[in-house]
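Only one chain comes next, encoded as structure tokens, the form predicted on its own.
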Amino acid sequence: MLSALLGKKIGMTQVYDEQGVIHPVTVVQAGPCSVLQVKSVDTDGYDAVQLGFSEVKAHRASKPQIAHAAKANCKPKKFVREVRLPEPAADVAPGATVTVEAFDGVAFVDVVGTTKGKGYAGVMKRHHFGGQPASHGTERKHRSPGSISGHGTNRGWGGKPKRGKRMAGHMGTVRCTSRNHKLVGIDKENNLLLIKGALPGANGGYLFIRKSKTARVGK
């Protein structure tokens, strides 16, 4: 069965378990998702299922998006992702609906999202640099990166900074996979998942939730 869903981050709360221990959880509105396409090795070179979440108005979608969704008797979706499968999908077909029931019996999940944007950040915030000494002549340069070693080790590359040099720049708004979160609860009536811990992104951001690939038994 397909153990993956698309959803939207609602926010965080806390729940108590049977022993009275409190756990922080993130509430995710997961699905219902529409199956827009089923790919196979014969037609596409690999096995996958394409899911769509959150309907979008027709005038906000392109004609190819509208036509693609129409093949599955669906409306265009705002958030579309593919789920790779090790073998052909026999239990789903285009136009089918996937709900939180897909996670029945799943103990741990991986969540993929886009982190919060932090804007333009300096090296101390972006790369955790220690900064310059707070005394001994340092003046108005306490948070600067220091030397960037323009004529460093790579001979023949000229005086420009080397590729991958840690410097100030844009921080956040990157794809992030947070693994092995315990699935605390499932609300089938409201299509909600209660996932232990903090998840990437801001409230209202879209998430891709799948069955964990690396969780160990008994963790």
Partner chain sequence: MSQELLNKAAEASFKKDIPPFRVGDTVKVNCRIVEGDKERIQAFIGTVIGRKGRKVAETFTVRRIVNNQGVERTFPLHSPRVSDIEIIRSGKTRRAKLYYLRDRVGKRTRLKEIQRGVEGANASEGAAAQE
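Just so it is clear, the model here is predicted, and its values are computed rather than measured. Residue numbers count along the first chain shown, from 1.
Missing here is the form predicted together with its partner chain; even so, the following discussion is about that form.
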item	value
4.5 angstroms heavy atom contact with its partner chain in the predicted complex for I66	no
4.5 Å heavy atom contact, L194 to its partner chain in the predicted complex	yes
is_contact(S34, its partner chain) in the predicted complex, heavy atom dist at most 4.5 Å	no
Touches its partner chain in the predicted complex: N190 (any heavy atom, 4.5 Å)	yes
Among 160-168, 66-74, 26-34, 49-57, the region lying within 4.5 Å of its partner chain in the predicted complex by heavy atom distance	26-34
